[in-house]
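First comes one chain, alone, set out as structure tokens in the form predicted alone.
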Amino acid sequence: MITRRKFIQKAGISAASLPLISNTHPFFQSPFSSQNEPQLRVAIMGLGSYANRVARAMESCSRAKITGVVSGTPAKIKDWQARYQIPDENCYNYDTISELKSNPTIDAVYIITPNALHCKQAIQVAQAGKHVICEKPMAINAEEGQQMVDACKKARVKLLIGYRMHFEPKTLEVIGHRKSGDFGKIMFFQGLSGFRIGNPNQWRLSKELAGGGAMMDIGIYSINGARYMIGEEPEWVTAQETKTDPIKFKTGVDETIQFQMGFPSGAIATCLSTYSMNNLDRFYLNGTKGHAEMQPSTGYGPIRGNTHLGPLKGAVVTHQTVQMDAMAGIILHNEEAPVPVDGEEGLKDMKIIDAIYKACATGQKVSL
């Protein structure tokens, strides 16, 4: 098993120097690649816009490649076959997922479908004996997330969640500063996550498919970000929902939620999740000795930011390329991510989302 310490050592750096990695350091350029190393063979499930972004990024991967697809749209399958030389026998639809079991040329399936489909599909993939990579949020609630964790454990396959920011250099740089004590005692985090959503008929605005609204899609970044920036798990949440357009944002589909989280050390987080405002995407971390600010903080890039020590220096990378190369190492070689990306990590966020929705509904502080 390759631990995080060995992971960093293999990349040729020390844990202490992590915040100071240069933009050209091989840590962010697939340091483990070699002509003799096996690649993770991935089937993409759900061939929408984000799947296309992932696929384009994977064209630059050295440790992972696309070898299959799963889709309910035959025309999309044909296009992907032509683009990635995928043979007919590696093309599946949602009714034939179980047939993956007999295909030795697919190691893992990356599920990039609407949120409400994740649980059932992840369980099917696990039962077919394939590793599961699932986009965030991993499910529509913690109960489903637990079912996914349990199914993957039972099948002895790995479950990873698509937290691309857990491999992003400037994000890791800030985490490194916090771990080294540069910020002192952490006191406060602010996360602003949102944008003005367009097409009112898209699945993200369907309670049945999305499981909610902005919180599921974009607010989860502030939840997850608060956890890795502060370095603790919250003990309680409070939340308030605002809805200005009940036609576009129907019952069960949140437009804007402000929420607060309290942590064991006494640190607090105050965050905003919205589908009605642009120009947010900002993280701010404050401690007794210093601070960090990132804007954009979770967009596709480039991430920008600074601390009281100066500008962040981490490399500009294609997030999904680094993510998939790292996930290949996790699956094939038991390497550890700098920040966890396993099913248990995803489940923690789902429990917080459940609590936020409960806090909105009751007006009460909800303990975690």
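For every residue, the number given is its place in the sequence shown, counted from 1. Nothing here was measured: the structure is a model prediction, and the numbers come from that model.
Keep in mind that the form predicted in complex with ligand NAD is not shown, yet the notes after this line are about it.
K.L.:
Would you check, heavy atoms only and a 4.5 Å threshold, whether I86 touches ligand NAD in the predicted complex?
P.N.:
No, I86 sits far enough from ligand NAD in the predicted complex that none of its heavy atoms falls within 4.5 Å.
K.L.:
Hey, in the predicted complex, is G219 touching ligand NAD, heavy atoms inside 4.5 Å?
P.N.:
Outside the cut-off, so no.
K.L.:
Even though ligand NAD is not shown here, does N334 get within 4.5 Å of it in the predicted complex, heavy atoms only?
P.N.:
Output for N334 is no: heavy atoms all beyond 4.5 Å of ligand NAD.
K.L.:
Consider P137 of the chain shown here, and say whether it contacts ligand NAD in the predicted complex, taking contact as heavy atoms within 4.5 Å.
P.N.:
Yes, P137 lies within 4.5 Å of ligand NAD in the predicted complex.
K.L.:
Sort through L40, V317, L312, L47 and report the residue having a heavy atom within 4.5 Å of ligand NAD in the predicted complex.
P.N.:
Exactly one residue meets the criterion: L47.
K.L.:
Scan K158, R164, R227, R178 and let me know which has any heavy atom within 4.5 Å of ligand NAD in the predicted complex.
P.N.:
By the 4.5 Å criterion, the partner-contacting residue is R164.
K.L.:
Just one of 243-251, 198-206, 122-130, 168-176 has residues with a heavy atom within 4.5 Å of ligand NAD in the predicted complex, so point it out.
P.N.:
So the stretch in question is 198-206.
K.L.:
Heavy atoms within 4.5 Å of ligand NAD in the predicted complex is the criterion; list the residues of 102-121 that meet it.
P.N.:
Sequence-ordered list: I112, T113, P114, N115, L117, H118.
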